[in-house]
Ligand SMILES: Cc1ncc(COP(=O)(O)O)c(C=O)c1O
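To begin, one chain is listed below as structure tokens, in the form predicted on its own.
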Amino acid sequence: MSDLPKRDTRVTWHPYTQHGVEASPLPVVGARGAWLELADGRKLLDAISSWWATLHGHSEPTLVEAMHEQAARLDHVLFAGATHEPAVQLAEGLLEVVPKGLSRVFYSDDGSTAVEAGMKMVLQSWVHRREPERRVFVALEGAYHGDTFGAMAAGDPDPFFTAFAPLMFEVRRVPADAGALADALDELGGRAAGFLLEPLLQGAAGMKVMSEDFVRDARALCTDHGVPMIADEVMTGFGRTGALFACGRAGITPDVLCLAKGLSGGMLPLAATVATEELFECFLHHERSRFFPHGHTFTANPVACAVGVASLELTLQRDVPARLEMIGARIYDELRPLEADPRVRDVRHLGGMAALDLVVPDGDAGYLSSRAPEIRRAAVEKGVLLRPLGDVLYALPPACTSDDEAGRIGQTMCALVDELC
């Protein structure tokens, strides 16, 4: 295993990685709970839930058992014209806990495809309603919704997607402000297709927190203008904001809810786009051509769905939202002394997330800040896996993180500021 990084550099291409300048990848050989094990025996505290996905902890025994049992019984079957118990059971369980008014679960593979499916549902529903001119989505400034083309179009192109701009459809971007959203919807009028947002917490934008009032106002504005609201809870779902769903914390029901990451506890690729009955019925017709032409080979994979069922049960039994709230608060307690530190600004906490913005020289701000690789390397040396969003240093650990481990994460973040800023 000692030569794993060298072998890797010869044959793989990693996501969101500049291979021309970045260090060799970490050779991870095992994981349990909140910890990753490296080939040389070192252990790293996974303070970011491996890209916000690992919900209960790595190698959670209940999920491992569910995976093994289902794989031995039914590993895979197409979901077009077939069904199976894990998919139906998971859909039934989701519909019991998502905001009231959502009634149909469409499965896919990851967060990007969950969003892509939701946007396609909305656009095609307008075609079925004979309003094909409604094809402009409204989204938030700084938004990130995934890397497929529809999701890219909804996201803010800078700095990730500028190369693809000529191929993207029109999107109107607004700040998280009810007045700005109202103005955009008024101006678009009959061209508005829908409004897409990450409720309460914009992840890749830099862990930006918005008010519950804005989410409620946005829901009311969408209703008043007769356009669907799509809530991207790929990151915020399953307790990350201290409530089971951010929409629930704000007290609203979207027309479309996009889920992934924690849906399977982070163990297997699985996503769901949950829609209202009204939207589903737009596709019911005696003409076969009015069906929803979207799907994936591994849609509703039985093993992933079985793990999803077990993960949802654990989430409810262990009150994961409350547990994540305590973890985030513990990390935030360690960060509080930095609130008056001139090297940082906007120390914040929401649910299981704690973050701060680094004060960096002009020209070095944003996702491509040179501070990020330095901090990653220094954090690993301290035994903690952190991956700053440019000049934003944050933590979002799994629900199994102990009080001492959460304290260590916060202390490490403070030490990084002291040593590198």
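Predicted model, so just to flag it, every value in this text is computed and none were measured. Throughout, we count residues from 1 along the sequence that is shown.
Another form, the form predicted in complex with the ligand, is not on view; read the next lines as being about it.
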Among 158-166, 226-234, 273-281, 335-343, which stretch sits within 4.5 Å of the ligand in the predicted complex, heavy atoms only?
226-234
Is there a heavy atom of G118 no more than 4.5 Å from a heavy atom of the ligand in the predicted complex?
no
Any non-hydrogen atom of Y394 within 4.5 angstroms of the ligand in the predicted complex
no
Should D110 be classed as touching the ligand in the predicted complex when contacts are defined as heavy atoms within 4.5 Å?
yes
Taking the ligand as it sits in the predicted complex, is K261 in contact with it (heavy atom to heavy atom, 4.5 Å or less)?
yes
Single option in P86, G146, P321, G266 placed near the ligand in the predicted complex, where near means a heavy atom within 4.5 Å:
G146
Select from 188-220 the residues with a non-hydrogen atom within 4.5 Å of the ligand in the predicted complex and write them out in sequence order.
E198
